[in-house]
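A single chain, nothing else alongside it, follows as structure tokens in the form predicted on its own.
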């Protein structure tokens, strides 16, 4: 996002959930779909393809899966995690101290350049003078990739670099990005004239604009200015690592939702690909034990990528525990409450946090739980704010994934879980 776009926004939440708007009032965003994650495609010379490639105009997950895999998802964990050939709990044997986790993603991008497998890597760096303000980077050297280590959970127009790729005659490219960016990239892949494309996906949920991220940290952390990394972890708390190495942990139940209501863009609340399922290789954390990175190998190219990094990895075990289905009725009931409710009393929050850690879902079951809750929340958001878009932006596997909860859904919301009648 350009500085002009950032500067035009408020320093607090940019909009409430009841306000349907673009990301800002900046002229650059005029003419975009009402749902827009500012992926950058519209800033490129291929912007005219937006109407046939944008995930928020028409979700093409099924068609792209057929092209990548020759099939669609099986009725098992592929419904939640996407099609994959293998999954691992892994981490770098020698972690990068500047990375969010151990640095697998940037290490892989650097390795591709070192071995001459690609000529450039599109990734996301931090704008000068900031830690988290996302800035697209076309890296041509391993050092340039490694310099982008660390999470920037802000909207970033990475696809705006497509023109630079074409102008510089780059034919072998690696792309590191979020699920909406990857969907658009796959939709226009044939137009790029590349000889080889490696797609490394980052699981993504609820990115924000940079001012909103600063606001979020100011409401969550005891020292927002010193937060170096932060992540929503498998123990139902937000971990914030500070400059001095100390880790601050904030339980999910302790979030001041009455103050945070409205910081997430409508596009993120209408996204159904948390695990970045159209990438060749997805590297995240959600399904792995604490301290490990959850890695899903999806394609033949994904296998090539993983084997490239394997010598530098150590491996753990993928485990699971708990029963995610027990908490889903309560989650549905919470969705019927007005958003932005104040926190429960302290003792109640303390008990809930204890029970979540003691009896809550763990490992792969935690990943299933989080993905299903995101699908349910976002389906409800689309139905309440963009009802006429549902048949175009909600992929078929969402209904299949949530089918076990259909009866509870109907009892809670007074309508069928099934897709619109014309889509059956």
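Positions refer to the first chain, counted from 1. Just so it is clear, the model here is predicted, and its values are computed rather than measured.
Beyond the structure shown, there is the form predicted in complex with a small molecule, which is absent from this document and is the topic of what follows.
- Annotated contact segment (heavy atom within 4.5 Å of the small molecule in the predicted complex): 277-285, selected among 277-285, 190-198, 164-172, 110-118.
- Looking at residue 320, you'd find every heavy atom of it more than 4.5 angstroms from the small molecule in the predicted complex.
- The small molecule in the predicted complex comes within 4.5 Å of no heavy atom belonging to residue 185.
- When the small molecule is considered in the predicted complex, residue 152 lines it closely, a heavy atom lying within 4.5 Å.
- Put simply, residue 306 is far from the small molecule in the predicted complex: not one heavy atom of it is within 4.5 Å.
- Taking 301, 99, 332, 79 one by one, only a single residue has any non-hydrogen atom within 4.5 Å of the small molecule in the predicted complex, and it is 99.
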